[in-house]
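The data below hold one chain only, encoded as structure tokens and taken in the form predicted on its own.
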Amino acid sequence: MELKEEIAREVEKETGIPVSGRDVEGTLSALLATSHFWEVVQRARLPFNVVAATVDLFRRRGWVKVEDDGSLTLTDAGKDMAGREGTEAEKDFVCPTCLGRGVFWRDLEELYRRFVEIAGRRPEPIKEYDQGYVTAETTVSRIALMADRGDLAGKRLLVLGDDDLVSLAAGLSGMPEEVVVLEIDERLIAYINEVAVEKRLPVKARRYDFRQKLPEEYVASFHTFTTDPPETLEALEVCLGRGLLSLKGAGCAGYFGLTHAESSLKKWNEFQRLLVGKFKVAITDIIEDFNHYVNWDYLLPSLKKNFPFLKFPPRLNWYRSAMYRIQTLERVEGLKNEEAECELYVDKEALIYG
């Protein structure tokens, strides 16, 4: 058995997540490019748990050394191993202007300025709801993307969960006819409604747990929905189902993020088959690393594994997700608007690694 495949089998056994030799190569390539563990995760585009277990295996085999400041150094043995395997340092060819998003948020400079002032007063993320919000640049880029695709101006927009405050950015843009937020966190509901009144925005928020039925007045009522769902398969299916139930019919759109850090390509495949097979929508866009998240305070305490390099906080916004856009080909039929029990936050690929 080749060395990379041998390592892959060992990591797969430890994590319970499918791992290939290509995945091992991706982690090694990232280690050749950076000494910061959290950047290794971002560059490798693999589940966090897989990268952490692989790096620790490298450490135990004497290929990686953890320095006193938490940085990772390939030992001479590690460099020799990489050379024998023909692995080179991962290179970055992303556009420095749009950061690979394909839209330029600085064309909305005034919106950005107004949004930053509002976002600076928002409630901080809490672990109870698995919260973690994106950068202001990301939020405004989402507005630019929806506008560019014709999904915002004159449209009714539904936001399912909104610690990112997309609703307020959309309202500030002056483009949508109306924005409705369904959110479980009472703090965010109060804040969004307060700002909407203060700024006279066409935005309203109400409490909702997406395991509940979608309120009947919102069924087949919107042109566009956006959400940042938890990434268990059950939560993805229920949350996207709610969003699709809210859409009027053919030609409507949905936006959501999906990470590599908490979703393997096997999960991506199963989820894409759900979108195309059950929901019968077209996937029009998958934009890698579109969403950049601000580091949240409860990250390190939530990690159950005690690897030595996990004691040091990130020095960059490492947690990122791809932006999906889907479009309906017809009115989505067969979706039941009923209460659903599902595991929201925890599976083998979740960050709270036990």
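The first residue of the shown sequence is 1; numbering continues from there. The shown structure was predicted, so the numbers you read here are calculated from the model rather than taken from an experiment.
Beyond the structure shown, there is the form predicted in complex with a further copy of the same chain, which is absent from this document and is the topic of what follows.
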Practice task
Answer with one of I189, A136, L108, V219: the residue that has a non-hydrogen atom within 4.5 Å of a further copy of the same chain in the predicted complex.
Solution key: L108
Exercise for the section: Counting non-hydrogen atoms within 4.5 angstroms of a further copy of the same chain in the predicted complex, say which of Q212, Q272, S71, T75 makes the cut. Expected result: Q272
Exercise for the section: State yes or no: in the predicted complex, is some non-hydrogen atom of E88 no more than 4.5 angstroms from a non-hydrogen atom of a further copy of the same chain? Expected result: yes
Exercise for the section: Indicate whether R22 is a 4.5 Å heavy atom neighbour of a further copy of the same chain in the predicted complex. Expected result: yes
Problem - Partner contact for Y208 in the predicted complex: a further copy of the same chain, 4.5 angstroms, heavy atom - result: no
Practice task
Using the partner position in the predicted complex, report whether R156 sits within 4.5 Å of a further copy of the same chain, counting heavy atoms only.
Solution key: no
Practice task
Please name which of the stretches 178-186, 263-271, 230-238, 126-134 has residues with heavy atoms lying within 4.5 Å of a further copy of the same chain in the predicted complex.
Solution key: 263-271
Problem - Complete contact of V66, F309 and V346 with a further copy of the same chain in the predicted complex (any heavy atom, 4.5 Å) - result: no
Problem - in the predicted complex: members of 133-166 within 4.5 Å of a further copy of the same chain, any heavy atom - result: A144, A147, D148, R149, G150, D151, A153, G154, K155
